[in-house]
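To begin, one chain is listed below as structure tokens, in the form predicted alone.
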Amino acid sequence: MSKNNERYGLLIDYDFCTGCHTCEAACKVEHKLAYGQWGIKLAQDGPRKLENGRYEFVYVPIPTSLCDLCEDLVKVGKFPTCVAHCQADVMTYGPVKELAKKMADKPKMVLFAPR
């Protein structure tokens, strides 16, 4: 939360997530997480063959209970490390109310607002 108690979160556009794992690696390095611990973890769905013959393969980065949205970085005016290092630029950090409005424009997005 910010100083004015506005709640902040992470909006992820999984339509364009490539599953590169950069968010996971950046988080592990930033927070010095031990082997097997994750601040954000990539979930994978698919491949699944669709009726049109094409395949669907979806990746969604999911913040874990260890995620604090990089509170220390945000305090000094930086973005959470997963957002800063996302190779596909599919992660947005900001006030939950603003992020929720962005979700209305696109169907394949998820909003995380850890406390």
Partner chain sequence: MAYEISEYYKKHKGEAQWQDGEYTCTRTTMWSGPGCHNGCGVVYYTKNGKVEKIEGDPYNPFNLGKLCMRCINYVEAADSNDRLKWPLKRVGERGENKWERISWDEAYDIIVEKVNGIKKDYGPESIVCMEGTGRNVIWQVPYLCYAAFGSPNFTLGFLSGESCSMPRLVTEAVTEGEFTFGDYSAHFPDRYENPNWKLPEVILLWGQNAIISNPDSSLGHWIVECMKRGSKLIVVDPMLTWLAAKADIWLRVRPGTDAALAMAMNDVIIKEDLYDHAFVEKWCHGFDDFAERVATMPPERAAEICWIPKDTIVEAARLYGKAERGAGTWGVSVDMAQCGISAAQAINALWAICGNLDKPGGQSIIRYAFDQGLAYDYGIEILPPEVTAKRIGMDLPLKQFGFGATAHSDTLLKVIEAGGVPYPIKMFWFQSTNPIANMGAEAPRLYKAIKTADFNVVVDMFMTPTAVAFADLVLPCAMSSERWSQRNWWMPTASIRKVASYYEAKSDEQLILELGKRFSPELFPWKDDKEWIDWIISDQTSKMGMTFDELCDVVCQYEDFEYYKYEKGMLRPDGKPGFNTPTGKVELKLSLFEAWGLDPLPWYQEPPESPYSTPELHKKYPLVLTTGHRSWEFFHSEHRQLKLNREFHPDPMIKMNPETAAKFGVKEGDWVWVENYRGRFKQKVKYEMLHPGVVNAEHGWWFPEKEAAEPSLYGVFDSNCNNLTTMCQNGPTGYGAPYKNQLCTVYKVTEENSKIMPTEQVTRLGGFNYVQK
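Residue numbers count along the first chain shown, from 1. Please read all numbers here as calculations on a predicted model, not as lab measurements.
Beyond what is shown, the protein has a form predicted together with its partner chain; the following relates to that form.
Might residue 19 be said to contact its partner chain in the predicted bound form, defining contact as any heavy atom within 4.5 Å? Yes, residue 19 lies within 4.5 Å of its partner chain in the predicted bound form.
In the predicted bound form, does residue 71 have a heavy atom within 4.5 Å of its partner chain? No, residue 71 is distant from the partner.
Residue 113 near its partner chain in the predicted bound form, any heavy atom under 4.5 Å? No, no contact at 4.5 Å.
Looking at the partner-bound form in the predicted bound form, is residue 64 within 4.5 Å of its partner chain by any heavy atom? Judged by the heavy-atom cut-off of 4.5 Å, residue 64 is well away from its partner chain in the predicted bound form.
Though the partner is not shown here, which residues of 76-90 have a heavy atom within 4.5 Å of its partner chain in the predicted bound form? Residues within 4.5 Å: 76, 77, 78, 79, 83, 84, 85, 86, 87, 88, 89, 90.
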